[in-house]
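Take a look at this one chain, the form predicted on its own, written out in structure tokens.
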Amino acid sequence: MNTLLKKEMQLSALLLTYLFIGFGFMTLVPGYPILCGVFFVCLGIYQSFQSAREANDIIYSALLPVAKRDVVRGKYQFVMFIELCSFALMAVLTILRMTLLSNAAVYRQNFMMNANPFYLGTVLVLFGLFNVIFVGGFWKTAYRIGKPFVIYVVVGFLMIGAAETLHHIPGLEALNAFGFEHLGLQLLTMFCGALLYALMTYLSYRKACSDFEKIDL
């Protein structure tokens, strides 16, 4: 673990951000759009950005003997750490629903999205969008956080609505498969989600480095 990531985790981050990882347990909630768990995890990250801004964290970091892009990298590594911890929790709970709870009536009669690899792939895409819209948007000024977060909330909930709708479209029912039904298709969608997450995060990071270099602190 590099020094800047340690600094982010121990000095800049709020305890609330770590606690909000627990919203991954929403994966187990029946009759509810479980993708909303992603929003709350992102809200926790937003709170740390807000606290760091009020404490002039960016100026402090820029005064350290490190390059500007290293400051950006430390923030992105922290964001990804929180996201991937949340994803790991959601993945464990998804496996639980696919195995021991696959025939539970409360889930079989659930009108909303089922917990399966397609759900996990969508989780990764939502995190990728957060990294592009909010995290990337923050580095355009290294100060303003309200507008990019509101934009993410709108885009994110539109995507959640679309994802919840897909399995109700004739021919796409397999996206909401239970247990290990249609596992090949499910794993393919999760793999695509992982690729999109990696691509969006990388491109956002590169753009953020370029934007931050242009800012006169």
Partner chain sequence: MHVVSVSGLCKSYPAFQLKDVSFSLEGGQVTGFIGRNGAGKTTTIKSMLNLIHTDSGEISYFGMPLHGNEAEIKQRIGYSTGAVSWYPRKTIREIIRVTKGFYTGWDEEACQSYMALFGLNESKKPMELSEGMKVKFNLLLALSHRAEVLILDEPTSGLDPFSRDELLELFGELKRRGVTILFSTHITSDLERCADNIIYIRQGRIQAASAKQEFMQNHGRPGESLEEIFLRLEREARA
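Positions refer to the first chain, counted from 1. Keep in mind that what you see is a predicted model, and the values were worked out from it rather than measured.
Note that the form predicted together with the partner chain isn't included here; everything after this is about it.
Picking from 164 to 172, 41 to 49, 147 to 155, 61 to 69 the stretch near the partner chain in the predicted complex, with a 4.5 Å limit on heavy atoms, gives 61 to 69. Think of it this way: in the predicted complex, the partner chain has a heavy atom of just one of 36, 185, 29, 55 within 4.5 Å, and the residue is 55. Though the partner chain is absent from this view, in the predicted complex it lies within 4.5 Å of a heavy atom of just one residue from 195, 11, 16, 203, which is 11.
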